[in-house]
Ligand code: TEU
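We begin with a single chain expressed as structure tokens, specifically the form predicted alone.
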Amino acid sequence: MLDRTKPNWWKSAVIYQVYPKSFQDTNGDGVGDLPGVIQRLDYLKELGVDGIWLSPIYASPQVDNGYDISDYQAIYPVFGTMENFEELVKEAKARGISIILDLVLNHTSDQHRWFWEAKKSRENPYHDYYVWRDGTPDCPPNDMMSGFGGSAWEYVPEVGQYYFHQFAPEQPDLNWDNPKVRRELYDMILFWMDKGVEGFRLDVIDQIAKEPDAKITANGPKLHDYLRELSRETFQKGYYVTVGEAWGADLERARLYSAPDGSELSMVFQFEHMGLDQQPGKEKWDLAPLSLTKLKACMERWQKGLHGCGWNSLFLDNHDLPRIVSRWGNDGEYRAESAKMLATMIHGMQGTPYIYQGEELGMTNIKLPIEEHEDLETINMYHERVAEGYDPEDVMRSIDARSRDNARTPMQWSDGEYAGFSAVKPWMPVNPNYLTVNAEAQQKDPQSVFHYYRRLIALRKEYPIFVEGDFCLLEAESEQLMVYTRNTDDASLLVVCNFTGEPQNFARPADFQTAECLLCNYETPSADTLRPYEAQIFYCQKKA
């Protein structure tokens, strides 16, 4: 069990993301809830994770699946009560698992009491909690667009002004220039700390210092000043794990975010690797094949660039991304093998691994007609592109590959009705492959994806090299193999991954010819020819 009283305990941790709406329904309304998370804690303990990151559980109208918060210090009633949350914290701690909350500090819901007050008049003390600019109904302040499509400005006749929103119109941006706003947010974080929360994920945190007059959304000039103040007032009061979602982070910024002095955050989610299979300069919907050499170069840059001066977060899946086994693996014949290979690739690196619910089962993308999609971003994009003249079939191919709804289908617990997620029809359709891809079957199968993840997590706890070792890329020009070593003064680790469905020749380096095989996604490791999607990890002690 990790000692949370020590600094940097999170470097040895593995964190599991729960999307509560789709995890486990216990009250028969078709929507997951906090008692459902409690019910599945023993499953997560068996998996071996150290923390649960909960996607937003706060009171919300659910325009953007909880990322539009109407009360930061109340639980969304569909998910349960504050008493349920307190029980979750207690029961998780009893199993050595920390609870990590999702903080949405860039914006609120337009149903938040602050915004109700803000739009009453310009003189209202809450008016300056948000970002306003003068304008007329037919002339917004500028031509900035929101991340979900349409103008980033919404007119309010009562005050004769526009408010700024980087996402949906129902998500007005907070004005971080106002110290009262910052104090309200800090006090809210302290409230959750008092409840026993041991970490936070910070949604789109690189956008809090926006300057809309200059058309700056991410990485505004005051960003790191704000983050250092936030950390001083909250996170530095204990040994909390913090991770910021920063789509615009480069290495230089990531070193500031994750500086070893703890002045800002523990680490960031950066997404450079997640943009490698889209057309350059285009949107995520504009698909392109993944270049393995580009992926390796990207991973190498981040592994080396933060070694000793920052910290990586390691992830391939989350609630905003399609299922990785469908994206970079093979969700047909080699679903299990490729799911294990991708896990090997990412868990062998330096950083804190994050597992998204169902990833440990090799859950796959789903194909839905547009009428059955729930994600606002997906629905808006479909209608915009069809109106612009795109072929609807081409648009749907992009949605099938990239929609956030791929990650939000109900968790597949069993081959029973609705995959054991609910006793009634769920809020989103269950993936039809739940009959063969489910937790109950995999817990019984020692060769399953689930048990492979268990072994990967256990290795991180047993071998310090996973946390401490440096990174050296081999086979840099290969479009078929990802091979790298991790090294400390007294040990070396070799990670080998075949990214294809074809056999590939590979001879282990001389130093590893007699090394111990810690893990292989086939029953025994091959010698000179890697099987489709084969993955291997070898370990050797260095001679004195």
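On a predicted model such as this, the values are computed, not experimentally measured, just so you know. When you see a residue number, it is the position in the sequence shown, counting from 1.
Although it is not shown, the form predicted together with the ligand is what the next lines describe.
In the predicted complex, K296 stays away from the ligand, with no heavy atom inside 4.5 Å. Using a 4.5 angstroms limit between non-hydrogen atoms, W302 is distant from the ligand in the predicted complex. In the predicted complex, F200 stays away from the ligand, with no heavy atom inside 4.5 Å. Proximity of W247 to the ligand in the predicted complex falls within the 4.5 Å heavy atom cutoff. Partner proximity in the predicted complex, defined as non-hydrogen atoms within 4.5 angstroms of the ligand, places exactly one of 149-157, 314-322, 79-87, 92-100 at the interface: 314-322. Think of it this way: in the predicted complex, the ligand has a heavy atom of just one of R408, H127, H373, H273 within 4.5 Å, and the residue is R408. Of the residues R404, H224, K119, R335, just one reaches the ligand in the predicted complex with a heavy atom at 4.5 Å or closer; this is R404. Although the partner is absent from the chain shown here, Y67, H107 and K284 each have a heavy atom within 4.5 Å of the ligand in the predicted complex. For the partner-free chain shown, just E377 of 363-392 comes within 4.5 angstroms of the ligand in the predicted complex, judged by any non-hydrogen atom.
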